[in-house]
Ligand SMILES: Nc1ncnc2c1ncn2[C@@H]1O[C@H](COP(=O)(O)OP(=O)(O)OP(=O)(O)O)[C@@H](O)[C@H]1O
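As a starting point, one isolated chain is supplied in structure tokens, in the form predicted alone.
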């Protein structure tokens, strides 16, 4: 029995087997037959990005972004679960599962979607799947992926379990099991707030809002459209925001000022939401800021939060905090 974890996010999909992990953009596209298959630079990833699933040839992640004529990306939760979650999840898990061997899977959902989509997501994933993996060289390998059990948890608890548990699923940091901890998990579509009071979930202190990083990215995209006349897809801004500039039709646009303004406005919005939500929970011991957006917004957001905010480790990929916690939780509930 093998434990795997997947975090199927609106911005990025992440998966791990505890030893290896991968991250790719949550984009699905039709697979095109390339007329010229050689590349001038080494491949950026060894994980497969082309699959055949249910008779459909697909690209996922950056391969879909760069090569597909028809690309799909959505921030609508119902459409995301119905059309993309299974495809993205299986693509992410395929490298870590042996052909036909049973695996047990932990995944998560934002708090506001948890009750509605927990059972549908479990039904989508907890079954036998058959897919074909296509390597960059064109070699096709059929794989049966048997997911015998699925556990879906509220998304922010992944980061909490990542801090609390070790690789064997045992308690590593006792304070996270015995104290009252607030978690702010900023993803691309949502910002999730939850309270763990001695590991007990607090319904009163838990909420999802639409204040994910897409709010800031939409503001940046709208300004770029005003200046350039071109509507840039949000997922094509990820690298440009990190780099601080983007070139559109040969003209370079500096982004530092607009990014700072967008991030500041989003941080103010999130701080107002969480301070209002936790107004009665003045006895929170520590606040954990997590998620890919948590790391990005930390310099803007931490000074606005009322309470002790745990620093975001700069040497770790914050996008993996939840999925690593899912895996550790799987090791906890399904010990070897």
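Everything numeric in this text was worked out from a predicted model, so none of it was measured. Residue numbers count along the first chain shown, from 1.
Heads up, the form predicted together with the ligand isn't pictured, but that's what we're talking about next.
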Task: the ligand contact at residue 186 in the predicted complex, heavy atom, 4.5 Å - done: yes
TODO: Find out whether any non-hydrogen atom of residue 161 is located within 4.5 angstroms of the ligand in the predicted complex, and reply yes or no.
DONE: no
Task: residue 325: touches the ligand in the predicted complex, heavy atom cutoff 4.5 angstroms - done: no
TODO: State yes or no: in the predicted complex, is some non-hydrogen atom of residue 61 no more than 4.5 angstroms from a non-hydrogen atom of the ligand?
DONE: no
TODO: Kindly indicate whether 107, 157 and 330 are, all three, within 4.5 angstroms of the ligand in the predicted complex, using heavy atoms.
DONE: no
- [ ] Given that the partner is absent here, state which listed stretch (165-173, 186-194, 121-129, 83-91) has heavy atoms within 4.5 Å of the ligand in the predicted complex.
- [x] 186-194
- [ ] May I ask you to choose, among 286, 68, 296, 52, the residue with a heavy atom within 4.5 Å of the ligand in the predicted complex?
- [x] 296
TODO: Sort through 117, 146, 253, 238 and report the residue having a heavy atom within 4.5 Å of the ligand in the predicted complex.
DONE: 238
- [ ] Taking the ligand as it sits in the predicted complex, which residues of 280-294 have a non-hydrogen atom within 4.5 Å of it? Please list them.
- [x] 291, 292, 293
